[in-house]
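Only one chain is given next, in structure tokens, and it is the form predicted alone.
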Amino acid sequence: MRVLIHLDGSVADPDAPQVRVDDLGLLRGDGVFETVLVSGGHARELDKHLDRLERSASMLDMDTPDRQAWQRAVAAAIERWPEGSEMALKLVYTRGLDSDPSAGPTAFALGIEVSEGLLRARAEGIAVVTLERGIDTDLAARAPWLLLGAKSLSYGINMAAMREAERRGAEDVIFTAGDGTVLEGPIANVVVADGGTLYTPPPSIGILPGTTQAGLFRAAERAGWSTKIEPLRIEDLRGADGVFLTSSIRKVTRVHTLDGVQLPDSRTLHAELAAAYESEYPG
């Protein structure tokens, strides 16, 4: 099941050709995107996703996305999606055509089903490896042209890291800086639970601010947890009560194995945090 809505509101066939071969998003990865979870007929954290889309577009010197048009496209996709099933809704915004810059951006919302693999990972947890990202924590401030912290379409490195994880017998990755500082996953933020406090690295080190991580922190604070946004190191993960990867579609996923070593059993803790997170979105 898939649904495709262009930003002008037109409904299109996702199995028919839609993107020009000279689109800069295709040729160069020159564009930005967001992935929104639709559950129970509601787009979770839509405003924050649109905020982040605007921020990423600004970092790439693209035109500001039309927020109301995106809201209408999201509503149209939800209207056409079967009730009772989740949807991963991708909002894609490219710079447009290389041959005709005046044509403006290419923009569409594509709704797809949540994969069986992700559903299984939510329930069973995942094995993760740490991989060095090749950057230091000051690089984002020194070199903004590297677009660290932007959600761009240039995901070649991220996907290469996921393939490396698979070669090592794992399902996902936690990137680290050269000094061992924890960054993020290729498609997720890192959250550590220890002693009644949730920790996550700060976006200032060149990572994407997490919408799901923020929702989890709000819910956890209501449930009596403390939360801190501060730098983490690999050794903080190994000695914690629980390590989790958070993203819109994976929600809160438990890490049960890190670099081939089994972590402390955090299934009960995961159930508590997952329930708190879901309470943030009643109905």
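In this text, residue numbers run from 1 along the sequence as written. Source: prediction; values computed, not measured.
There is another form of the same protein, the form predicted in complex with pyridoxal-5'-phosphate (PLP); it is not shown, and what comes next is about it.
- Site check by superimposition: pyridoxal-5'-phosphate (PLP), modelled from its position in the predicted complex, clears the backbone and C-beta atoms of this form, with no atom inside 2.4 Å, and the site reads as open.
- Look at 72-80, 194-202, 154-162, 121-129: in the predicted complex, residues with non-hydrogen atoms within 4.5 angstroms of pyridoxal-5'-phosphate (PLP) sit in 154-162.
- Only one of A140, A170, A107, L208 comes within 4.5 Å of pyridoxal-5'-phosphate (PLP) in the predicted complex through a heavy atom, and that residue is L208.
- Residue-level contacts in the predicted complex: of L91, V182, A188, M87, one residue has a heavy atom within 4.5 Å of pyridoxal-5'-phosphate (PLP), and it is A188.
- Contact annotation: R254 falls outside 4.5 Å of pyridoxal-5'-phosphate (PLP) in the predicted complex, judged by heavy atom distances.
- pyridoxal-5'-phosphate (PLP) in the predicted complex is approached by T212, whose closest heavy atom lies within 4.5 angstroms of it.
- Contact check for S247: a non-hydrogen atom falls within 4.5 Å of pyridoxal-5'-phosphate (PLP) in the predicted complex.
- In the predicted complex, the residues of 47-69 lying within 4.5 Å of pyridoxal-5'-phosphate (PLP) by at least one heavy atom are, in order, H49, R52.
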